[in-house]
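The chain that follows stands alone, in the form predicted alone, written as structure tokens.
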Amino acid sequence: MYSKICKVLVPAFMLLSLGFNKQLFAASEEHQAQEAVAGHEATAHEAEAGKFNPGDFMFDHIKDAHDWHLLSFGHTHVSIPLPVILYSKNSGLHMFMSSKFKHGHADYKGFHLETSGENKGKILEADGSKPFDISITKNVAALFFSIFLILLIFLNVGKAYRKNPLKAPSGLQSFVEPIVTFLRDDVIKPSIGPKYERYMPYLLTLFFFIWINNMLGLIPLPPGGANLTGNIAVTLTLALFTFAITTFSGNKSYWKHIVNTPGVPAWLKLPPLPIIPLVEIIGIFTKPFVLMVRLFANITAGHIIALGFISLIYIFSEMSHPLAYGVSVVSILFNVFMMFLELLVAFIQAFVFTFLSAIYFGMAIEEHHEEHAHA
């Protein structure tokens, strides 16, 4: 796929025994050959640097960054700078805009933005050490915007209900109410039971947070385009909230069924090999782990597939421009299909995360029939 650039071999030295003039001629030939090799090596390096790398293209678009990239013209990049907040052990606290780095081509106050290697995209000090970085990155900015958007929607909807509680819903109310009603009556209440109301605020917030951020991630322009729900740190945080609520909501019956499962032979629950309690305890941690990985993997995979189709255009353009035009039609059609599919996935992943969280809460507070009968 990638063209190979051949290097020029340095010609052998001319024999010095031919005399002084021949020695000068040999030295001149050698010098010219070395210059040719250096020129070809530089050309090869520039060509290699200018090649399209699909891996870098895809991962640069889905990972976090210190600016909000818009577009590029050759070597000119257009982006929205974001605040950089660093604390260095050597020089203390620093705050400035990411534009000071000029997309990694300039240092500022002893810091530089790494553009290659394992620390690509990270800010390092002159000695190569990492400062404490609490910058407002693209994902953080997207998080703030989504929080603002959620508050704007639901504060307005709540205000409308308080103002006219008996009036038929309209505007945002008519959009939000069917979703809330569906989640309450068909997801949360059947999964949790009579005590569902205490979990409603968290589960509704969870659903709309995931869904809105999934949708924003499909918009190519700011404030969209950030891969927030495809960031494993974000999905881990959401899973930890569900894990903490499940753990602290667990009643006596819940913990009894974990450490002393009824109906299981004693030799499977007691030392030296308490298999069932071990499996149940591991299950406590695997449930939030599955929540974390499912959301992260599905959202990230969707972005990578869409970017993969776009990459095909550039890959084939290096082989043949007419072929690239033909591939571009297919790639664009597949991308349109993927966008419609991603709209569905955005809702499904929010629904699944909320549904499974509700099931875990219901398992934690469920009262078993044998305990009622014994009472």
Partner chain sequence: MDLLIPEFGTIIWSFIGFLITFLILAKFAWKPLLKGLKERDNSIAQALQAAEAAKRDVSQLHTESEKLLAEAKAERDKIIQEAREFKESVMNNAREQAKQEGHKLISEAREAIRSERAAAIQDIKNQVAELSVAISEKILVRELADPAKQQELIEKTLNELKFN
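Rigid core here is just the name for the largest C-alpha set that superposes within 1.5 Å across the two forms. Since the structure is predicted, the reported quantities are computational estimates derived from the model, not experimental observations. Residue numbers count along the first chain shown, from 1.
Here the subject shifts to the form predicted together with the partner chain, a form of this protein not shown in this document.
- This chain is displayed alone, yet in the model of the complex one of N231, N214, S98, S191 has a heavy atom within 4.5 Å of the partner chain; that residue is N231.
- In summary, among the residues P274, P223, P169, G110, the only one with a non-hydrogen atom within 4.5 Å of the partner chain in the model of the complex is P169.
- At a distance threshold of 4.5 angstroms between non-hydrogen atoms, V78 is out of contact with the partner chain in the model of the complex.
- With a 4.5 Å cutoff on heavy atoms, H69 does not count as touching the partner chain in the model of the complex; it lies far away.
- Although the partner is absent here, E318 is not a contact residue: none of its heavy atoms lies within 4.5 angstroms of the partner chain in the model of the complex.
- In the model of the complex, none of the heavy atoms of F243 sits within 4.5 Å of a heavy atom of the partner chain.
- Partner contacts here mean any heavy atom within 4.5 Å of the partner chain in the model of the complex, and among 278-286, 261-269, 203-211, 86-94 they occur only in 203-211.
- Counting a residue when any of its non-hydrogen atoms is within 4.5 Å of the partner chain in the model of the complex, the hits in 272-303 run F296, T300.
- When the rigid core is held fixed, the Cα atom of V140 travels less than 2 angstroms between this form and the one not shown.
- A movement of the C-alpha atom of L172 falling short of 2 angstroms is seen between this form and the one not shown when the two forms are aligned on their rigid core.
- Core-superposed comparison between this form and the one not shown: CA of R184 displaced by less than 2 Å.
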